[in-house]
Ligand code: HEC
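Here you get one chain, nothing else, as structure tokens; it is the form predicted on its own.
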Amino acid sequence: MLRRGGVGLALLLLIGLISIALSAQTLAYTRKPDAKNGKTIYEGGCIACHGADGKGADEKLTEFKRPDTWPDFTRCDQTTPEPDSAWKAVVVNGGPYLGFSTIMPRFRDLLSNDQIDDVVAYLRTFCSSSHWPHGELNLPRAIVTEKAFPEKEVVWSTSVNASGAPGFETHVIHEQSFGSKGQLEVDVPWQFQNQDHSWDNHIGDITLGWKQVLYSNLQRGSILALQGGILPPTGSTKLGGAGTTTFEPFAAFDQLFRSNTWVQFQMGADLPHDTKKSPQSLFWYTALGQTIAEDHRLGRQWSPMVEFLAARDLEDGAKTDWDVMPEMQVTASRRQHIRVNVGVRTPITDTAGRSPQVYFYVLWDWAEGHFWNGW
């Protein structure tokens, strides 16, 4: 059996040590990048492969076959979800550094750091629309708190009881962005519980949700989204299903600070159709963390964070349940499209009947390629 305080303290200590050892992930500029100078550099060399329009030079004029990962810089849906650090990593160290093709050479010996920043700034101009949220606002995914940025990813998330009755729950979450600001989410849970020395399992209440970004501003580091979800009663009431259709609206607001620290807020409600079967409730979550990275902010990313989770039934005399969960997300693949996260959720109020839980997820950003690519 895990001790509640000991596990949390150990994980917080680990987070602190790694934070000290690494550098912050967000790029730090000694000067404002000059896109005009970047254009001059691009036209002096990059244009031979990537073309004047950023879509790629005529293949008849090149001596190689384009890989599946060949970029079209005019495709806002492909380029804006990426932070500047990902673009700079490929220019500095070449395609293989992030698990892409060897066709892309490294330029760290040919261009200065400022020149590379200028080129990246110019590449950004090929996307002519300002409606797309910038990749710098695509903050690391917390285990519970949902972020505002629209994604294309699949997440396998599992929680295990650390004490009390054995049991675990697994969620398979598919997120599909549409256009510049919309996202469809499908969350399919499966529950396993040992009750009276007998294991029982059943699908949980499935979530179908739509997220819409209402506001994003890179200079201010802010992004706001609203989501509406519906949970049909697909789960077993014996294993925690609501037994009635539930509506789940929430707001998500993320803030990235110049200090490279970020905060994510989520606040919403679970509103069952039949309140006799399941009570209405409110929830409010906060995730505080910082993304840090190796190799001058271009390499493997570590995201230590802590979540503060609160929920309360809308009934007379109901108490607010508060939990705390320190956790660590890390990019597993060189392409950084596979990430893992592990955390320990510990009740801090109303602890009777609520045991600590160990959480773990694997995230696949499928827009960046197959699961097995980029390692």
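Each residue number is its position in the shown sequence, starting from 1. Not measured: the values here are computed from a predicted model.
Not on display, but discussed next: the form predicted in complex with the named molecule.
When the named molecule is considered in the predicted bound form, Phe107 lines it closely, a heavy atom lying within 4.5 Å.
For Trp70, a non-hydrogen atom is located within 4.5 Å of the named molecule in the predicted bound form, even though that partner is not displayed. Taking the partner from the other structure, the named molecule in the predicted bound form has no heavy atom within 4.5 Å of any heavy atom of Trp302. Contact annotation for Gly45: at least one heavy atom lies within 4.5 Å of the named molecule in the predicted bound form. Contact with the named molecule in the predicted bound form, judged by any heavy atom within 4.5 Å, is made by just one of Ala252, Val155, Val90, Val213: Val90. The single contact residue among Leu218, Leu224, Ile103, Ala162, judged by any heavy atom lying within 4.5 Å of the named molecule in the predicted bound form, is Ile103. Comment: 45-53 is the region of 303-311, 325-333, 45-53, 340-348 lying near the named molecule in the predicted bound form, near meaning a non-hydrogen atom within 4.5 Å.
The putative spot formed by Leu111, Val119 and Leu123 is fully lined by the named molecule in the predicted bound form; each residue has a non-hydrogen atom within 4.5 angstroms of it.
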